[in-house]
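Given as structure tokens, the chain that follows is alone and in the form predicted alone.
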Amino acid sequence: MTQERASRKKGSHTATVLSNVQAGECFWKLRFRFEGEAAQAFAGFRPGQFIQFDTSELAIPSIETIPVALRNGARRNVLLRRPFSFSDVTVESNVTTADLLYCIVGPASLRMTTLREGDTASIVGPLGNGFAVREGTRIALLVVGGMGLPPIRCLAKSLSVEHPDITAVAFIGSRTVNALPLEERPAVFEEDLSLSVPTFATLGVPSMVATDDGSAGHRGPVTECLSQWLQENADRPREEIVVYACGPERMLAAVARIANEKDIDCQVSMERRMACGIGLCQSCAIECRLADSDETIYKLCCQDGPVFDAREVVFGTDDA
């Protein structure tokens, strides 16, 4: 089966751009509208799933608007689709809208900034397996590292709508205040930012912020905030708590270690380079443990994930 035929089987759809606005120094928020068959397909989108976005036919921005660091490679051909996860999905009648928060890091994301209202985009999806909400969950601890925010924010929205009995708390980390990938940014970041991040506050979800340089919230890794919360809430039944995390693998390794030490269920959304997103190229392998065995096997991030039980993942980096 060719990649194109496999893509159609998985669902190749056309989306209409409703808006594409800058949301920070290098962050943009793109909103799509799906209609007809595509609307039905994405009405079932689960937080943590992803799409493959075709940017090969998009225009290149004018040279003066391109960041200096990206100008040399801006005209490089973009042949492969790029994977993204939605930060919000809204279903209304026969129309489904979805928000995509992205950061300009290369020629593909650079081209995405040229999309305007009324333009169309080619999208394959929904793909992969998303987060699971197991029975008995009462507290969801949502851990974000950098651009791991979209699937976690989508999960927060889903919990507020489908599981209002679950209490959610968000922990958001980045290198600096300017690197916080927030869809809506507070006018001023207080030194002790804890409950005023609009991206989550509008959903009734309190949040704690951590930055490596201390420019907003806690100074240090976001995992320290998670550990502090667990220590302060040590009387909570562990079987009622689930940790959900998305971000750099080093952070995920640390989150997994903390959850394992506390005997708390933890789900992590992994990231790999996904050339096809549908299991053909085999480029997104993740080493996983076999249950009740010292042996390991390799699973595909695009098909078996991107969300995995943290206990099965063999992390390739030292945790923090």
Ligand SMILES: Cc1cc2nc3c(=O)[nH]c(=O)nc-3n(C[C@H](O)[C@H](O)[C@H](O)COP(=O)(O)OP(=O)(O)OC[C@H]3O[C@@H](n4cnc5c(N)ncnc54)[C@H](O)[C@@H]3O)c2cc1C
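Source: prediction; values computed, not measured. All residue numbers refer to positions in the sequence shown, first residue = 1.
Keep in mind the form predicted together with the named molecule is missing from the figure; the text below concerns it.
K.L.:
Answer yes if any heavy atom of residue 274 is within 4.5 Å of a heavy atom of the named molecule in the model of the complex; otherwise answer no.
P.N.:
Contact check for residue 274: yes, within 4.5 Å of the named molecule in the model of the complex.
K.L.:
Against the named molecule in the model of the complex, would residue 270 count as a contact residue? Criterion: heavy atoms within 4.5 Å.
P.N.:
Contact with the named molecule, yes.
K.L.:
Verify the contact flag for residue 227: yes if a non-hydrogen atom of it lies within 4.5 Å of a non-hydrogen atom of the named molecule in the model of the complex, no if not.
P.N.:
Residue 227: no, not in contact with the named molecule in the model of the complex.
K.L.:
Taking any heavy atom pair closer than or equal to 4.5 Å as contact, tell me whether residue 82 reaches the named molecule in the model of the complex.
P.N.:
Contact check for residue 82: yes, within 4.5 Å of the named molecule in the model of the complex.
K.L.:
Of these, 129, 109, 96, 167, which has a heavy atom no more than 4.5 Å from the named molecule in the model of the complex?
P.N.:
Answer to the contact question: 109.
K.L.:
Between the options 163, 76, 219, 236, which residue brings a heavy atom to within 4.5 Å of the named molecule in the model of the complex?
P.N.:
Exactly one listed residue reaches within 4.5 Å, namely 76.
K.L.:
Any idea which of 145-153, 204-212, 237-245, 167-175 reaches within 4.5 Å of the named molecule in the model of the complex, heavy atoms considered?
P.N.:
Within 4.5 Å of the partner lies stretch 145-153.
K.L.:
Suppose contact means any heavy atom within 4.5 Å; which members of 33-72 contact the named molecule in the model of the complex?
P.N.:
Read in sequence order, the lone residue that approaches the named molecule (within 4.5 Å, in the model of the complex) is 50.
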